[in-house]
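Shown below, as structure tokens, is a lone chain in the form predicted alone; questions about how it binds or moves come after it.
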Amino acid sequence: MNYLVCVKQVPDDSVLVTLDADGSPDLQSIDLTVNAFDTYALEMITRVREKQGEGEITVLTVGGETAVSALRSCLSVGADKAARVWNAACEHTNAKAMSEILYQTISKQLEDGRKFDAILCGLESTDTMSGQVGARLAEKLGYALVTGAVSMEAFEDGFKVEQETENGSRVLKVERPCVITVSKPNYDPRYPTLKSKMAARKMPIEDWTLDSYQVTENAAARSFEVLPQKEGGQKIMEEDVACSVQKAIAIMVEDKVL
């Protein structure tokens, strides 16, 4: 089987984002990292491939030179091949435009004879958090879609996917080819080894960029605002539980919570 994992570079979400003089987010000094949900997707399909004992995983990203390090990171933890897309049409794109870029890129690969039994994306990206790209891509390709996957396994004609729901989870069967968006499973992505890092450095990065892209923007950010920081909480350090409860109630009464 052949699998494609779409990954995105996002600003490190542990760093406080401030605004430039023009009111736009200042991201120049913040390191980029692979979107967390995309790392879960790569780990999930890597485990599927390991259980099957066969299969090829390709990672694809839209990005400039900085994207190379992200792809090599993916190659060091399970991916077999890596490709990137980049031209002027790829800058400052929203979810709709990004799905169109991915669709046109993947369609060209399918026309050239490549085959993907499953295309995986993170449930959402930690910067825009729209959660739309995977669904839009599935619609354009005409593929079945399962969102919020927390586990999956392959069977003869497709995949059995455990989907996260508001009340727990449910198991779905989906035929291939399909698109699956991945939520947080009950395990973390693996860490690369020194050997896998060295091997990833020597692996080629394919260029899947088309000569031109037809993209449409249906939304744009008009302004940004930095939300006020939450004030630190108050610690209650009483001798026993009863005194701690009494102190907590007194504080809430004083603040007119009760």
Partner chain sequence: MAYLFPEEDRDLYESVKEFCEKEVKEQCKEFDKTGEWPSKIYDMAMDMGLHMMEVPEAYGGLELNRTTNLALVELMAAADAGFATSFNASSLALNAILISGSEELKHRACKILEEKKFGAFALTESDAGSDAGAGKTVAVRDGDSYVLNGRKCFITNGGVAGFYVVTAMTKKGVGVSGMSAFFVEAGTPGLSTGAEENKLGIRTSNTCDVVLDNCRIPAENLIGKEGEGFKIAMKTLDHGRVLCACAAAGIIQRSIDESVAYAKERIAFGKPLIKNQALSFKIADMAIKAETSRQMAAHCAALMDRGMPYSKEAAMAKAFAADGAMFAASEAIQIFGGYGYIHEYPVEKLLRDAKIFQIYEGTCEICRMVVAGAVIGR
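Remember, predicted model here, so these are calculated numbers, not experimental data. Residue numbers count along the first chain shown, from 1.
Absent from the display: the form predicted in complex with its partner chain. The rest refers to it.
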Checked S29, T193, Q214, Q52 for heavy atoms within 4.5 Å of its partner chain in the predicted bound form; positive is T193
Picking from V226, M198, L210, M203, the single residue whose non-hydrogen atoms come within 4.5 angstroms of its partner chain in the predicted bound form is M198
TL;DR on 184 to 192, 148 to 156, 97 to 105, 123 to 131: the one with heavy atoms within 4.5 Å of its partner chain in the predicted bound form is 184 to 192
